[in-house]
Ligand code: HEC
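Quick heads-up: it's one chain on its own, the form predicted on its own, in structure tokens.
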Amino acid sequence: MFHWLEKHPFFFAVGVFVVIAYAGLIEVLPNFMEKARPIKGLKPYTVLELAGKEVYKKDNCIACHSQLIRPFKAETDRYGQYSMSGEYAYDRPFLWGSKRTGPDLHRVGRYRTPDWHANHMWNPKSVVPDSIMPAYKHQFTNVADLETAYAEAVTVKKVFNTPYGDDIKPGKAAFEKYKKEKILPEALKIAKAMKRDDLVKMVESGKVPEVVALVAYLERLK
């Protein structure tokens, strides 16, 4: 058999290709599938974080900030642990970005606090004197779209088998119950950490400012 293959280069090349391809699949595919799964301890975004992610997209934060730390020393020295594919398991869509007018934000939850974010979004130069980022004061009065975020959670739970609890289910009544029991307490905690009485009062009235939802999302990025 081997002597025959040696005399027929074309079939020998095909045979080598098939063997290498098969071996590659056996070696690479399981590892690839493993890395595509959520990393240990990763949980789906909360509804408040989903609402914050929508604010992040709406106000086009991705135009100036990436969320992808590459495995190079210069990157990890500045931003921390490089990004792993399993960290994005619940991201739809990915917000990797391709431009860094501002810093990468994939680990921002590790080194910035909610009150820092509050000051930064209200007046960037108050915490970063050389900043060219505009102020986002409208986020302090605009109300986050929690109902749409909740509908997204219901959808990804059903379509993608995202592991949300039984309290995430369709219906207006289910949303109102979830908002009262889960979203507002989470938002109030963030608002208090932002050290802004106006935000606390707004959440206590049953309305969540966009900036509170956004900061909840940024705090998630660790």
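One rule holds for the numbers: they count along the sequence shown, beginning at 1. Every value quoted in this text rests on a predicted model; they were computed, and no experiment measured them.
The protein also exists as the form predicted in complex with heme C (HEC); that form is not presented, and the subsequent description refers to it.
Of the stretches 68 to 76, 81 to 89, 146 to 154, 94 to 102, only 94 to 102 has residues with a heavy atom within 4.5 Å of heme C (HEC) in the predicted complex. The candidate spot formed by T141, K192 and K201 is out of contact with heme C (HEC) in the predicted complex: none of the three has a heavy atom within 4.5 Å. Taking the partner from elsewhere, I168 is found to have every heavy atom lying beyond 4.5 Å of heme C (HEC) in the predicted complex. Interface residue remark: V208 is not counted as part of the site for heme C (HEC) in the predicted complex, having no heavy atom within 4.5 Å. Residue contact check for F175: none of its heavy atoms lie within 4.5 Å of heme C (HEC) in the predicted complex. Of the heavy atoms in Y56, some are within 4.5 Å of heme C (HEC) in the predicted complex. Residues V128, S131, I132, M133, P134, Y136, Q139 of 127 to 144 are found to place at least one heavy atom within 4.5 Å of heme C (HEC) in the predicted complex.
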